[in-house]
Ligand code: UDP
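First comes one chain, alone, set out as structure tokens in the form predicted alone.
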Amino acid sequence: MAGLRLLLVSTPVGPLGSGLGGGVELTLLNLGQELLRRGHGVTVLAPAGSVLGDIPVVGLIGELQPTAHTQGRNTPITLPKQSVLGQMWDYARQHQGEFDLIVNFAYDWLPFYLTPFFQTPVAHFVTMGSLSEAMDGAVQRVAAQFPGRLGAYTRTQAETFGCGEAFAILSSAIDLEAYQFCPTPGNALAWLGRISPEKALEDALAAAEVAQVPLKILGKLEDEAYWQTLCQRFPQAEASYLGFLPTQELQAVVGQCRALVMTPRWVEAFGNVAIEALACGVPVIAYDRGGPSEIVQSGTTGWLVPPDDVVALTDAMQRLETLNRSACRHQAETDYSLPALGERFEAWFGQCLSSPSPGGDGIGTIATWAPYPSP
């Protein structure tokens, strides 16, 4: 595919590099690097203060958007005064003629609503599963009006919107050279992610306590009240928390662990932490829910256990000796390399650019916002 001029529009919940964007931050970094390597022009639009390696970033000042996973299913759509989300999409509108394709990574209603009013085609890489009625409707309308313009990490995630067949399934990837294989781990397990209720760190702590194994906790402390509750219930948690680490330090810690534990209470869209662990040769113990269920090869590169079953989680922690750490690294190399990710996204971009816009005049036709599709 000839070099494209691409504008990647980031999440508006925090600057890139802060950890507030979760897996979106790692996806943008790895995808941006691979697209540059393939000869595409890449510009990332993000909140001011963002850092994304050597990828060009346009940072815009404004009030951050509340995170979708902290809102209820029927919470009204909100747009703060002088919102960074509004600033980002106003910039995209003004500069759209400089790009062949705009790719939205924000899990927010506004860019979906604006899609028909852009002359440059807008594609959407949806980064979480269904969380609100408003977003479900916005996703479904783009699916109906702009076939081929939706992408997702996993099939499980896509199907939560009731139009799973409309999504290109693009998975994820990491820079494997940044992760060192560790054949001889210590005794500890790792838990890695945003410290927030939907990640259910308490389940991992409870299971590790019963199994009598140390648990290293890594990730962004997002919900202070939730964390304090955990520390009161599990006094060992505070001493086990190592913070939000950059990749080099993160992989050094995780690689020394016997397994990574994933305990999502929600439908995880993917789980980049799982492939980070696999790249280090670390098996993954995860609830059989959402993205991890499409990543972990149960019995080979980890164990999938029934969701919310702490007893099964504890049992899996005691059955790690049957897993082969070399098989974990091999899966990462086979399924989650940057070249493979680049190929998947290039194919999707081609699909987005070849699909006609509503009205029959091809890409560039400004359409009206269609009503909700019939159930």
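Predicted, not measured: the structure shown is a model, and the values here were computed from it. The first residue of the shown sequence is 1; numbering continues from there.
The protein also exists as the form predicted in complex with the named molecule; that form is not presented, and the subsequent description refers to it.
Next on the checklist: If contact means a heavy atom within 4.5 Å, which one of 264-272, 139-147, 80-88, 297-305 is the stretch that engages the named molecule in the predicted complex?
Outcome noted: Result of the contact check: 264-272.
Checklist entry - So, Arg194, Lys199 and Gly219: all three within 4.5 Å of the named molecule in the predicted complex by heavy atoms, or not? => result Result yes, every residue of the spot touches the named molecule.
Next on the checklist: Under a 4.5 Å heavy atom criterion, is Gly22 part of the interface with the named molecule in the predicted complex?
Outcome noted: Looking in the predicted complex, residue contacts with the named molecule include Gly22, since a heavy atom lies within 4.5 Å.
Next on the checklist: Is Pro76 near the named molecule? Define near as a heavy atom within 4.5 Å, in the predicted complex.
Outcome noted: No - in the predicted complex, heavy atoms of Pro76 and the named molecule never come within 4.5 Å of each other.
Checklist entry - Leu110: heavy atom within 4.5 Å of the named molecule in the predicted complex? => result Heavy-atom contact with the named molecule at 4.5 Å: absent for Leu110.
Next on the checklist: If we define contact as a non-hydrogen atom of the residue within 4.5 angstroms of the partner, is Glu276 a contact of the named molecule in the predicted complex?
Outcome noted: Although the named molecule is absent here, Glu276 would touch it in the predicted complex, with heavy atoms inside 4.5 Å.
Checklist entry - Given that the named molecule is left out here, which of Trp227, Phe118, Phe244, Phe181 has a heavy atom within 4.5 Å of it in the predicted complex? => result After the contact test, the surviving option is Phe244.
Item to check | Partner-contacting position among Val103, Ala158, Met135, Leu250 - heavy atom within 4.5 Å of the named molecule in the predicted complex | outcome: None of the other options qualify; the answer is Leu250.
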